[in-house]
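First, one chain by itself: the form predicted alone, in structure tokens.
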Amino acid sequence: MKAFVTGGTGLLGNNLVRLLLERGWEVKALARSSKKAEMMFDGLDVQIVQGDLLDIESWAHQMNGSDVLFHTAAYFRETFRNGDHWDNLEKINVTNTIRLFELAEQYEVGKVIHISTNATIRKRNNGEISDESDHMNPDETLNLYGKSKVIADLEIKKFMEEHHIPIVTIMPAWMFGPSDAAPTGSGQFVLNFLDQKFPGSFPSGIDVVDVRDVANAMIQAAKKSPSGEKYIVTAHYTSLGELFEILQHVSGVSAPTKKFPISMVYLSTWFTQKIASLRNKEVDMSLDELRVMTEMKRTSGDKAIRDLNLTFRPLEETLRATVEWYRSNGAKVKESITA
């Protein structure tokens, strides 16, 4: 089987590439930086395609002959930082994603596995756990990234009404795991804990999942799922306090003991973000990230577990692997950021 993976050096993309290779697939991986990709995949039999979603036409022919397009690339990490990001969000996550699927069909790709997010799922007011039927409207999202993904999912639905290429959508929870060189928000969260940057915890609740389990779900969907299916992939509902407790256990670093009310955290984050913006600096946690942490929405992965035969790693195993990877690859992270 032949795979084409966008976002090849991202947290999900690179873990997916490794798992595909382990299972005997031939893999092409799209990367904006060939230097970063060569460093990340050193010794692995993967073909690196240099390019990005802002110029799809220049590399789309490389998808020709692929059995599956795994579309993990998105404009994401930057959206939780300073600046107006909507133009890039709309172009990359919506317009050019649809164009990518058009070209995939043109080059006779067999199937598309598309990564969305469980941030597109509406929280139920009655306290019940949400599932794939609880899809948000664009004006309900907590941040612009979520809005772009909701719009993209709606546009993909329209696309499938007029095109024949099969598309399956995976909606992962907050992903943690090794090989997070960028790093993403979860990786930065772990690094901040190890550096003891957190003053304390606050009431919170969020779904999380091991990135390697999401990669497995994608491969299973490629094998099993009919076009149009959507799957939430989530393993654990946790809190900031529990994450701190487990990270302390697996790392030996003392967790912060202070606990702050949500109102104080919002005020502090708002003030810190304003000051950082004036100084053209970034913050460890933005208001958008805080909204996600404190929404306390729970989503169900039951459908994915049932249809894709999934099992999930314990959260402790995931966080231990993440900590160990950062401790073994600190130099690689620094090189990756500058590559």
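These numbers come from a predicted model, not from an experiment. Numbering starts at 1 and runs along the sequence shown.
The form predicted together with a small molecule is left out here; the points below concern that form.
*Asks:* Can you check 275 to 283, 49 to 57, 308 to 316, 291 to 299 and let me know which stretch has heavy atoms within 4.5 Å of the small molecule in the model of the complex?
*Replies:* Heavy-atom contact with the partner occurs in 49 to 57.
*Asks:* For the three residues Ala74, Tyr145 and Ala173, verify that every one has a non-hydrogen atom within 4.5 Å of the small molecule in the model of the complex; reply yes or no.
*Replies:* Affirmative, all three are within 4.5 Å.
*Asks:* Find the only residue in Ser130, Ser204, Thr117, Asn216 having a heavy atom within 4.5 Å of the small molecule in the model of the complex.
*Replies:* None of the other options qualify; the answer is Thr117.
*Asks:* Tell me, which of Ser225, Thr184, Ser251, Thr141 has a heavy atom within 4.5 angstroms of the small molecule in the model of the complex?
*Replies:* In short, Thr184.
*Asks:* Taking heavy atoms only, is Leu30 within 4.5 angstroms of the small molecule in the model of the complex?
*Replies:* Because a heavy atom of Leu30 falls inside 4.5 Å of the small molecule in the model of the complex, the answer is yes.
*Asks:* Mark Lys149 yes when one of its heavy atoms lies within 4.5 Å of a heavy atom of the small molecule in the model of the complex, and no otherwise.
*Replies:* Yes, Lys149 sits close enough to the small molecule in the model of the complex that at least one of its heavy atoms falls within 4.5 Å.
*Asks:* Heavy atom to heavy atom, is Leu20 within 4.5 Å of the small molecule in the model of the complex?
*Replies:* Leu20: no, not in contact with the small molecule in the model of the complex.
*Asks:* Since only the chain is shown here, I'm wondering whether Leu11 would be in contact with the small molecule in the model of the complex (any heavy atom pair within 4.5 Å).
*Replies:* Yes - in the model of the complex, heavy atoms of Leu11 and the small molecule come within 4.5 Å of each other.
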